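Here you get one chain, nothing else, as C-alpha cells; it is the form predicted alone.
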C-alpha cells in the first residue's frame, strides 16, 4: 500500500497573491459601502434622510485610515531601523520622535499640526498650507508610525544575529543585509501587531472631527445636533464603525495566515 502524499498547503504570500488579496479587500469595501448606503436609506428619520452624510463620513474615515496607515508604516520602518543602529546620532532622532509621540495625546497632536505647524514652518521660510485632511493625515501617520517603529524594532531584534553575520561574511554590506535578510523576516514576524495598529488607527481617526474634518464621527455629531436624537444617531455611527473594522479585520486575518504559511 502506497504511503499517503503530503497534505495540500495553501499558496504562500507572493506578489500575485498579495495583489489578489488587495483586490478582494477593495471589492469587499465597495460592496460594504453599497450595503451601508442601501440599509441607511431605508431607515426612518433621522437616519434615512441623511444617509448620504453618514456614508460620506465613512468614506473619509476609511480614506484617512488607508493613507495614514501606509505613510505610518513607512515611518515605522525607517524609525525602527534607526532605533537598532549602533550609532548614537542615528538612534537619537528616532528615539526622540517615538518618545514625543507616544508621550502626548493624539488629540493634541492633531490640533498642533492643524493650528501650530503651518505658522512654525512659515517662520523658517517654508510656506506650507495644510487643510483639514492633510493635517489629520500628518498627525495620524506620525502617531501610528511611532508605535509601528517599536513593533518593527522588536521584530528586527528577534532575528538571530547569526543570520546577519552570515550575510556580512558573504560580502553583503550592512544596508544590503538589513534590506534583503533581516527586514523581510522581521516584517513577517510583526504582521499581527502592525495589523492591530491599523485597526486602532481606523477608530482613532474619529479624533479628526476636532478640526472639522467631515469623517464619520463628525457626521454623526452634526445629525445629532440638528435632530436632537443622539441615541439612534450614535447607534448608527457605532454600527458603521463596527462594519468597517469587521471587514478590515477579516482581510487582515487572511494576511496573517498567508504570512505564517510563507514563513514555514
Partner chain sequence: MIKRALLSLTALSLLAVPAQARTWAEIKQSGTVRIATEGAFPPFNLLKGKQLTGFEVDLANQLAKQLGLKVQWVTQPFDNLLIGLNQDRYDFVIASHGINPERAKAVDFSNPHYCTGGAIVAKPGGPLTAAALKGKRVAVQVGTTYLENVRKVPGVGDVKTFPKDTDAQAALMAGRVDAWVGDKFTGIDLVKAQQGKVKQGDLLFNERIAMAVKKGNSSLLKELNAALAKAQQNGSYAKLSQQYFGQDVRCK
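Numbering follows the first chain given and starts at 1. What you see is a predicted model; the values in this text were computed from it and never measured.
The same protein has a further form, the form predicted in complex with its partner chain, not shown here; the description that follows concerns it.
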| query | finding |
| --- | --- |
| Residues 114, 118 and 132 all lining its partner chain in the model of the complex, heavy atom within 4.5 Å | yes |
| Contact segment among 28 to 36, 59 to 67, 212 to 220, 191 to 199, judged by heavy atoms lying within 4.5 Å of its partner chain in the model of the complex | 212 to 220 |
| Contact flag, residue 226 vs its partner chain in the model of the complex, heavy atom cut 4.5 Å | yes |
| Close approach of residue 230 to its partner chain in the model of the complex, 4.5 Å, heavy atom | yes |
